[in-house]
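Shown here is one chain on its own, the form predicted alone, set out as structure tokens.
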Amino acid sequence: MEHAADPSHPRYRSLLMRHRLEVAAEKGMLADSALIAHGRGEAYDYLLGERTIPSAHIASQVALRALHDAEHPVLSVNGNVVALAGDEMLQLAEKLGCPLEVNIFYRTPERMEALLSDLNERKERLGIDVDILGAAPDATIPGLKGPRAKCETKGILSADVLLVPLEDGDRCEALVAMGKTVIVIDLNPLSRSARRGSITIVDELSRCLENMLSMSTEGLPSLESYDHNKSLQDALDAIVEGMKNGLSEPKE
């Protein structure tokens, strides 16, 4: 069930996302720190003006081109991604004809079962055919230790291009070290994932995915045209400008 707030409410989208996380937490899909992580990202979105800035739009186009041109693209999801934009991730996987793999930091059998069950219910409701991986890991990501390193050979391990929204820095670095093109969606341009990723989209997850789903796969800019450092700097500049504008607004 979606949030009951009026869609005309200025904080409707924010309230909707918080509600989705609350529901996911009740289902056992999230780690204990999930709500903290979301709140941190939401703060950055306020400063960005809760909009897709031009550099993020370009990065989204480059990312879609990289995924479309890949030999074996894979979309990786964690608990927050499924909760906030599970439908959109499945729709993007269908658009690209690629699998989606559940790969979480705090991996437990209970969380994996909850996430896989939720995704399969979404897939059935949407009426789409997408391979959902993660239930039977048979490989590990080199350089990582513990349960979070587990993955599937036919998924993350063999992928040449990966979309890893809301990723943790260690795993992002490990995937890049494997020679993979790693696309990150992160509202914090200073995070290790944002800085270490091959392509970083500084945007709110569901908004970014909606944009990518609306794009044609024809005529998109290539990775060679993407300037990673400039894209991150543009995001920082937008945040600084947002802070200035906020401080200059008259007090009520």
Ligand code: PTJ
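We number the residues from 1 along the sequence you see. Nothing here was measured: the structure is a model prediction, and the numbers come from that model.
Another form exists, predicted in complex with this ligand; not displayed. Remarks below refer to it.
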Exercise. Of the listed stretches (153-161, 133-141, 92-100, 71-79), which one has a non-hydrogen atom within 4.5 Å of this ligand in the predicted bound form?
Worked result: 71-79
Exercise. Counting only non-hydrogen atoms and a 4.5 angstroms cut-off, does residue 187 reach this ligand in the predicted bound form?
Worked result: yes
For this session: Would you check, heavy atoms only and a 4.5 Å threshold, whether residue 40 touches this ligand in the predicted bound form?
Result: yes
Exercise. Does any heavy atom of residue 205 come within 4.5 Å of a heavy atom of this ligand in the predicted bound form?
Worked result: yes
Exercise. If you check in the predicted bound form, is residue 111 within 4.5 Å of this ligand, heavy atoms only?
Worked result: yes
Problem set entry | Single option in 215, 58, 31, 47 placed near this ligand in the predicted bound form, where near means a heavy atom within 4.5 Å | 31
